[in-house]
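As a starting point, one isolated chain is supplied in structure tokens, in the form predicted alone.
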């Protein structure tokens, strides 16, 4: 029987904001595309929220896979001050169905911060109730499709399968977002 773990971490971005329009921050889109491509291979799921230069991310899966990805994130030059906020054994992943869900939930997060008497989003200061609130928000809101990321470069002569998979994942993410929007509108 597999041993699952939920790992929640915070980090600060090392890159300057380059948001174009109302879409997802360009570097965040790249991270999401990589995660959505790689996590299924490692049987990992999770969610990401990014605001004010801070990452708040939850990874779920088998212990070895989560630890491997976390080590990779800790050495990723796009992250600094990587810190585990929570690590717990779980019987099954809660973010099943999302290789890496992305929440565009700024208003909801602001309300959550106010509910806990916080003026700003700073995940380094989160205690267990705030972490639980963030995870609940991420689980209960629609995923944001990522279409602004640049595709990963394919070596000359290499198979274009990665490009087709990336496109398929983008189309699937968009379809999920449209379905969630339709459900919300029909309520």
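These numbers were taken from a predicted model, which means no experiment stands behind them. Numbering follows the first chain given and starts at 1.
Another form exists, predicted together with a small molecule; not displayed. Remarks below refer to it.
The shortest heavy atom separation between residue 87 and the small molecule in the predicted bound form exceeds 4.5 Å. Contact check for residue 37: a non-hydrogen atom falls within 4.5 Å of the small molecule in the predicted bound form. Among heavy atoms of residue 109, none comes within 4.5 Å of the small molecule in the predicted bound form. Shown alone here, residue 55 lies within 4.5 Å of the small molecule in the predicted bound form, counting heavy atoms only. Here the marked residues 118, 134 and 137 all miss the small molecule in the predicted bound form; none has a heavy atom within 4.5 angstroms.
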